[in-house]
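In the form predicted alone, a lone chain appears below as structure tokens.
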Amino acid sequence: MYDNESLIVNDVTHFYKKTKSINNFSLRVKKGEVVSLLGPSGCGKTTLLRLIAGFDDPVSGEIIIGENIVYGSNYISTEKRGVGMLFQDIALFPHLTVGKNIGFAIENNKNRNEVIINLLKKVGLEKFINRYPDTLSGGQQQRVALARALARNPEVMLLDEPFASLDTWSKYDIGEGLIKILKSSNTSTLIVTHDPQEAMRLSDRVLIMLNGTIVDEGAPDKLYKSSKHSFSARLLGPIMDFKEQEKQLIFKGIFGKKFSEKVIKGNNFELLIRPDAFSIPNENEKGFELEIISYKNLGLLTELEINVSGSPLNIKILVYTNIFNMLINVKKLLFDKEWAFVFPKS
């Protein structure tokens, strides 16, 4: 019935006491697709995973996993839903070997030993079958936990902040390795994270959650380039916000390109601009002339206080540091309006 989808959530609502935590939430995840749920604490991300897993029940709506309605007109308990789970707390049994940790999930399987060996090969740890968890690195423990979760051939894998305890670079390397394994198994994956970079690196699609609902979604590159909500624009990367006077100057073309009269007349808007908007003009490109008043190096980015020729105000902008290094001599920037986002004030 749902040949290409492993998970369908239809109009699900959930309350904690008298407060809505999930509000008419709908989601469809294709087989092998990796989807991240990104948003602040308390927006409903983990609650949604708990509803899908069956740890908590919605007050309304429908959840379908594979071919089965697990909540709605039918109800299926957690252990029979075809869901695998991987959390920040890896929770391997310290007194069991790697092999026995994985085997714990499939005690009644006749081909148990063969399954364990195949799973360890899949995660690259076949030589560690007789090791104990405390002798493994954090990344190796994550892979053992993943093998254990895959032991029951889940339709859907739920990952709740699984890399939060790892350092920045390790978690990206380990995360990419685990996602590669999940994709090779054609397992649909839902990741909860607070980290925009993690979501964008690991996912086919990112859902931005706020107050129990989706406010924006899309492939990482499209979401970064064309956010539909000011919250997601701010969340997904460096961005500049401007005060009213500065905004009006920019709208009217201080950077060489004007915005529509409709936007200027409305006046009830916020203007957000990514550093990607500024580049060094080629010989045949006009650009706008500026004077650098002050600057602060922020690593990848440099914050500039500038005065554009003829402007009554100094304006602070962000540019990429490699652009700044060329700007010192050129004293001109090119402005790409496609990297400027105009949103109604919330």
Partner chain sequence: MFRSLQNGWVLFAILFSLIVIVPIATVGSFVFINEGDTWLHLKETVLLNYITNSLVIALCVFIFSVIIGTMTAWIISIFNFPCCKYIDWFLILPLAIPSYALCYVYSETFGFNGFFSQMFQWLTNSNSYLVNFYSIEGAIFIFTFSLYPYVYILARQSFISQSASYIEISKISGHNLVKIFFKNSIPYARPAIIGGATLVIMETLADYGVADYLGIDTFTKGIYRTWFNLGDINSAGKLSSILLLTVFFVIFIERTSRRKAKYNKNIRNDRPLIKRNLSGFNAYLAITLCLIPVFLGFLIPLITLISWCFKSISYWDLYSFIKIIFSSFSIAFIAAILCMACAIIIVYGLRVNYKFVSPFARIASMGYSIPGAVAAIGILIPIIWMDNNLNIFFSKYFNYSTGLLLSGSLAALLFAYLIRFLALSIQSVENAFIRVPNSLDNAAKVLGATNKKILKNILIKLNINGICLGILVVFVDILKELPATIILRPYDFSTLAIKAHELAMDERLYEASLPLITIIFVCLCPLFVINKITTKYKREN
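Heads up, when I say rigid core I mean the largest set of C-alphas that superpose within 1.5 Å between the two forms. Positions refer to the first chain, counted from 1. A quick note: this is a predicted structure, and the numbers were derived from the prediction, not measured.
The following text describes the form predicted in complex with the partner chain, which does not appear among the structures shown.
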### Query
Quick one: which of 119-127, 134-142, 172-180, 85-93 gets within 4.5 Å of the partner chain in the predicted complex, going by heavy atoms?
85-93
### Task
Run the contact test on 55, 71 and 148 with a 4.5 Å heavy atom cut-off to the partner chain in the predicted complex and return yes or no.
yes
## Note on the structure
As a check of understanding, the residue in 50, 316, 28, 31 with any heavy atom within 4.5 Å of the partner chain in the predicted complex should be identified as 50
### Task
State the residue from 211, 184, 165, 78 whose non-hydrogen atoms include one within 4.5 Å of the partner chain in the predicted complex.
78
### Query
Using 4.5 Å between non-hydrogen atoms, is residue 221 touching the partner chain in the predicted complex?
no
### Query
Might residue 228 be said to contact the partner chain in the predicted complex, defining contact as any heavy atom within 4.5 Å?
no
### Message
Although the partner isn't part of this model, could you tell me whether residue 152 comes within 4.5 Å of the partner chain in the predicted complex, counting any heavy atom of the residue?
### Response
yes
### Query
Counting only non-hydrogen atoms and a 4.5 angstroms cut-off, does residue 200 reach the partner chain in the predicted complex?
no
### Task
Kindly check if the Cα atom of residue 164 is displaced 2 angstroms or more between the shown form and the other one relative to the superposed rigid core.
no
### Query
Is it true that residue 219 shifts between the shown form and the other one by 2 Å or more at the Cα, once the core is aligned?
no
#### Entry: Rigid-core frame, C-alpha of residue 93, shift of 2 angstroms or more between the shown form and the other one
yes
